[in-house]
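This document opens with one chain alone, in structure tokens, the form predicted alone.
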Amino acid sequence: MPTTPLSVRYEDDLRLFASVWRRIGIVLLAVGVVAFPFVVDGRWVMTANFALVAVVGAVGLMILTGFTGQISLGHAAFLAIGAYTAAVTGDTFGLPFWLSIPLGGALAALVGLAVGPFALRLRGLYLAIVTLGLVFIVNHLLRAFPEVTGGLSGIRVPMLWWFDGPRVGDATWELGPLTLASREQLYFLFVLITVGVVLFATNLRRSRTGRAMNAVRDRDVAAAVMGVNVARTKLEAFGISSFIAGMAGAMFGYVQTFITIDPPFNLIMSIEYIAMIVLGGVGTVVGAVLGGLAFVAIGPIAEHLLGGLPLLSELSSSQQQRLMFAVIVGAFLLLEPLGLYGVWIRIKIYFMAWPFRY
């Protein structure tokens, strides 16, 4: 029976892969991730790249909203900062992507730390309104300096290997019978970034800082009585969440290769990320991963299912995706508030108890 062994030491309790079944699952997952771009066509590889961006962005929002309980509608602003940082540093200064991505995250973190003090006195809808204003402020600033950001015309986002060097994808890699074009190179680079972000968030949740965030989320007054520095915890949550969101924005720019301000960096994007973590399961890293993957996968599925229906076939692909996503999120809120993570827990418990029924 695939059950987790009894933990008798703190080291056993803190292990990420505590059972043989988890290790087997990780190996199978790794094999599937590596083989994926070689068994599907280019369209699905690009869809996977967007899905990896969504996963990183959802993990960033999960740290703020899921771990710490701070509602934010300004997530799109942090993604915009990361994307335009990558664009300006690559196009104007010729910086490689391995510098532009952390720079985009750092600049977004600075803005997040500037917004963080508002969370010390505001909560709930009041905090959401303040963070919502951040989206309009960032968009206005990006339009105010068209000589740097391109303004309404947009700006290209070159992904360079080295300083003023060749771009990612300019040369096709030949690995025996396998060929890695630009989409595949981008896919494997994003997989490495996504795995690092997911592991970081998983360890953060199990750390002292993560437990403090959960305490603030559940009851900040009680957390303060227990010795948790509520102000510092909220600022740390804003800083970490904004940094990861900035990285996701830079990744988004690299996938798009050319970005504009609005769309996509508007209120709709912020609401979509809120819906992602709700669909996946608020408060869990697995929920952020599942929500990000599901959101991007719903696009092709909606286009296939709704394309032949009357009235719905007249909608654009993005409208069909949002319609189907809204229906699915509403159904989960009514039937399974824990989201996809709750479905996974039910399946796991069923097989752990199989063949008995309780």
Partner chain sequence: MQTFLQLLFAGLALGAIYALVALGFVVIYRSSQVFNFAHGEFLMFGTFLMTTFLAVGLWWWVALVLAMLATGLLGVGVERAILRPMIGRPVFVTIIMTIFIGLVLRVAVITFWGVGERGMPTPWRTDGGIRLLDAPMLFNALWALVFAGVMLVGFYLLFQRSKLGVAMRATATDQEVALGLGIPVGRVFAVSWLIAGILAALAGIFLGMFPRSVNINMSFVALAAFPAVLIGGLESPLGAVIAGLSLGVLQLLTQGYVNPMLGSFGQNFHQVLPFVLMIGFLVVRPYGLFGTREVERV
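Numbering follows the first chain given and starts at 1. Bear in mind the structure is a predicted one, so any value in this text is a computation, not a measurement.
Beyond the structure shown, there is the form predicted in complex with its partner chain, which is absent from this document and is the topic of what follows.
Chemist: Which residue, Leu178, Ala171, Ala222, Val148, has a heavy atom that falls within 4.5 Å of its partner chain in the predicted bound form?
Modeler: Contact check passes for Ala222.
Chemist: Can you pick the one in Trp162, Phe258, Tyr126, Phe93 that has a heavy atom within 4.5 Å of its partner chain in the predicted bound form?
Modeler: Comparing distances to its partner chain in the predicted bound form, the residue within 4.5 Å is Tyr126.
Chemist: Going by heavy atoms within 4.5 Å, which of 80 to 88, 267 to 275, 184 to 192, 247 to 255 lines up against its partner chain in the predicted bound form?
Modeler: Of the options given, it is 267 to 275.
Chemist: Going by a heavy atom distance of 4.5 Å, is Ile71 a contact of its partner chain in the predicted bound form?
Modeler: Yes, Ile71 is a contact residue.
Chemist: Does the 4.5 Å heavy atom contact test between Ile24 and its partner chain in the predicted bound form come out positive?
Modeler: Contact check for Ile24: no, nothing within 4.5 Å of its partner chain in the predicted bound form.
Chemist: Can you check whether Arg156 is within 4.5 Å of its partner chain in the predicted bound form, heavy atom basis?
Modeler: No, Arg156 sits far enough from its partner chain in the predicted bound form that none of its heavy atoms falls within 4.5 Å.
Chemist: State yes or no: in the predicted bound form, is some non-hydrogen atom of Val282 no more than 4.5 angstroms from a non-hydrogen atom of its partner chain?
Modeler: Yes, Val282 lies within 4.5 Å of its partner chain in the predicted bound form.
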